[in-house]
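Here's a solo chain for you in structure tokens, the form predicted alone.
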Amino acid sequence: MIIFENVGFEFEPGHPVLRNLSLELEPGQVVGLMGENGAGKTTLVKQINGLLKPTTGTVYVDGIDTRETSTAQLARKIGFVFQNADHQLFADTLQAEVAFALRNLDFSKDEIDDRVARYLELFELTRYQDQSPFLLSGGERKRLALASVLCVEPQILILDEPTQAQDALQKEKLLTFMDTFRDPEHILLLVTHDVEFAVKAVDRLLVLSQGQLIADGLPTHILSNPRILDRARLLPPQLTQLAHQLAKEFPNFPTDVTTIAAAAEAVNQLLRRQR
């Protein structure tokens, strides 16, 4: 479990980035984190893995106060994929990149070889395994960063803008992988601006604005709420925009539509009423 108790954070005195933030994240959840640029999203997730420590309040990870443990110790539980893959990659080859964390955590050679092969294949990078990471495209480097963190199979996984530079097929593959984190052992926290992906991917959505938590609930309810979206400078999903347009012509048409299944059901009900 991850617990934030009245957490505040400042890089400079008098300029808070997080303000009196309290929340709990439990295993079994895939949680989305959204908000405008500068809302404090990356600062929040760096409180979890100990890269930043609270100025006020406390962050607990599995009952451990992050101020009283090292980032290295937290890294055994927490995987963090940076928004910019180039800030994360450094090895001479893709194989060495994926193997690095496994070696540091004392995995056996056979286990390292197995996981390196498995995760390079998962992200369709096997053919480049002996090349430099910096010869890859932006999307491929993003997938390599994912592979190098996911191979450890951490208990808590934080993905910062994982769909950036990814095409539709890779997004679908990422969704398939994320489904494995919907179990009682894992917490997955997804930082994203991609509302279409968030609707499909997350069970619970958190929204930050100016360092404060302004919404916490089901993605369907939050991403169809104009007040929350306006405050966080977010656009609703395209299906929600379409639903609002249809509601102007058909007043009973629901405006909290965010998925194709919900849209199809709403249209079917509308057609039945028109007969």
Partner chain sequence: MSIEIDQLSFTYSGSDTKVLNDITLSIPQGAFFGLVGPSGCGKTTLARCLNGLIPHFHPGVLDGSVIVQGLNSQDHQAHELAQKVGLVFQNPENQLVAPTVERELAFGPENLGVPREEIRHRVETLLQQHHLEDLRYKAPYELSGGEQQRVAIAAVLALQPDILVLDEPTANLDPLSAFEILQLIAQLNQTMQLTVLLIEHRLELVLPHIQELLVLEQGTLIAKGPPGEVFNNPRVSQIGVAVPRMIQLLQQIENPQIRSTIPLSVEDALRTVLKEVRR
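Here the structure is a predicted model, which means the values were calculated and not measured. Think of the rigid core as the biggest set of C-alphas that the two forms share within 1.5 Å after superposition. Numbering follows the first chain given and starts at 1.
Heads up, the form predicted together with its partner chain isn't pictured, but that's what we're talking about next.
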{"property": "Proximity of Leu122 to its partner chain in the model of the complex, heavy atoms at 4.5 Å", "result": "no"}
{"property": "4.5 Å heavy atom contact, Asp167 and its partner chain in the model of the complex", "result": "yes"}
{"property": "Touches its partner chain in the model of the complex: Tyr60 (any heavy atom, 4.5 Å)", "result": "no"}
{"property": "Exercise: Leu234 in contact with its partner chain in the model of the complex, heavy atom 4.5 Å", "result": "yes"}
{"property": "His193, Gln245 and Leu270 each touching its partner chain in the model of the complex (heavy atom, 4.5 Å)", "result": "yes"}
{"property": "Residue (of Gln212, Gln241, Gln29, Thr220) lying close to its partner chain in the model of the complex, criterion heavy atoms within 4.5 Å", "result": "Gln241"}
{"property": "Options 159-167, 179-187, 114-122, 201-209; stretch whose heavy atom lies within 4.5 Å of its partner chain in the model of the complex", "result": "159-167"}
{"property": "Residues in 26-58 close to its partner chain in the model of the complex, defined by a heavy atom within 4.5 Å, in order", "result": "Asn37"}
{"property": "Yes/no, Ala39 Cα shift of 2 Å or more between this form and the one not shown with rigid core fixed", "result": "no"}
{"property": "Shift of Pro251 between this form and the one not shown at or above 2 Å (CA, core fit)", "result": "yes"}
{"property": "Shift of Gln241 between this form and the one not shown at or above 2 Å (CA, core fit)", "result": "yes"}
